[in-house]
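Have a look below at one chain only, the form predicted alone, in structure tokens format.
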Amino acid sequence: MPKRQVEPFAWLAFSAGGVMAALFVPMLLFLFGLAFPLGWISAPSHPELLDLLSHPVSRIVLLGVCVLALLHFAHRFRYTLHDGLQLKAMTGVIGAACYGCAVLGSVAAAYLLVIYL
């Protein structure tokens, strides 16, 4: 039986995280950083935002964006350290640290979405 490789799944998560971050982060930064404060668009009230975020689909989408963006960061940072800084001797430690931080961040995001919203 051939040994299964994890690498294709890491690249899949990297790609998905890049797409999600490229789609959602600029939109959210524009809305909450410019459009709402400058009055270009009427800002939703706090209870309206809580209603939106209390819906399970909104929570799942927000959690998906957080998890995939963290995996994207972990994979990019791993290869930056591996190829950019030539730390090839510590590949295992770097991979465990990068993906471990992504998993911890994902668990923290899930915890915050479940507990506080």
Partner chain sequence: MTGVPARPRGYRQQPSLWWWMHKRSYTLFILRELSSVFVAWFVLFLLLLVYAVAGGAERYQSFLDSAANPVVIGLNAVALAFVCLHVVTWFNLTPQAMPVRVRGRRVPSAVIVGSEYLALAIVSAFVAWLVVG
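Everything quoted here is computed from the prediction, not taken from an experiment. Numbering follows the first chain given and starts at 1. For clarity, a rigid core is taken as the largest C-alpha set superposing within 1.5 Å between two forms.
FYI, the form predicted in complex with the partner chain isn't displayed, but the following is about it.
- Exactly one listed residue, out of 10, 94, 103, 21, brings a non-hydrogen atom to within 4.5 Å of the partner chain in the predicted bound form: 21.
- When the partner chain is considered in the predicted bound form, residue 6 lies well away from it, no heavy atom lying within 4.5 Å.
- Proximity of residue 34 to the partner chain in the predicted bound form: non-hydrogen atoms within 4.5 Å are present.
- Although the partner is absent here, residue 90 lies well away from the partner chain in the predicted bound form, with no heavy atom inside 4.5 Å.
- Remark: residue 60 does not count among the residues lining the partner chain in the predicted bound form, judged by a heavy atom distance of 4.5 Å or less.
- For the stretch 83-101, the set of residues having any non-hydrogen atom within 4.5 angstroms of the partner chain in the predicted bound form comprises 83, 84, 85, 86, in sequence order.
- In this overlay on the rigid core, residue 39 has a C-alpha that sits 2 Å or more away from its partner position between the shown form and the other one.
- In this overlay on the rigid core, residue 50 has a C-alpha that sits 2 Å or more away from its partner position between the shown form and the other one.
- The two forms, fitted on the rigid core, differ between the shown form and the other one by 2 Å or more at the CA of residue 29.
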